[in-house]
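The chain below stands alone and is given as structure tokens, in the form predicted on its own.
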């Protein structure tokens, strides 16, 4: 992967603001892409959490592999990390978030009640990388449009408090990435799912990485059937065969950019099936 500038000043500022505001909230809602749970977890944020209670929200679970969703569910349960799988667009499981926050904070709320303090709303902060669906989730929680949404990473530019209901106040934050990838796979996974703008990482590198992943996965046959190719061939041959089958040429030359567009859009639009790029491993 080429050396790129992808950590703009507004992200550095957002991280500083998050660190300042964490002390104001009771619990962190950490939104993760169910297709890339490890890659969409921000290691910088972990250092800022100050041991705050958190609820991991696996969004876009309708786009990921259901069998691997179960693996992740078991992983979080085995590590005593509260987790819920949601679809922020359809609203699936969204109403359970407030209930889970109350359960996680039960001991704290009971102590406040024992001291004679009046019941209050739970203060939460939503954290997540760009384009993971934070604004869509917040709008579903609130039951109305209170946060800007879009398919372009970085739609939310500033923090804002949002009243969800009488039991939940929520601090929305801009999507933030981190200054350096320790593993190149993380960059490719973020690019494939749209967390990084398409012009940041070379698309030929991204697609070649994706082909290598598919070749060693259970998803290979679906790809082969759709494009009438064999992944037993090398990547260049696979791309050339797609060009022949789709007649993707510029004059006498293969139109690689058109092939990249096709594969990327098919992946993002589920035309290659429900694909999860990462299985449980390491620490999250």
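Remember, it's a predicted structure, so these values are computed and weren't measured experimentally. Numbering follows the first chain given and starts at 1.
Another form, the form predicted in complex with a small molecule, is not on view; read the next lines as being about it.
Here the chain stands alone, but in the predicted bound form its contact with the small molecule, taken as any heavy atom within 4.5 Å, falls in 123 to 131 among 71 to 79, 109 to 117, 196 to 204, 123 to 131.
Here the marked residues 60, 63 and 135 all reach the small molecule in the predicted bound form, each with a heavy atom within 4.5 angstroms.
Although the partner is absent from this view, residue 86 contacts the small molecule in the predicted bound form, with a non-hydrogen atom inside 4.5 angstroms.
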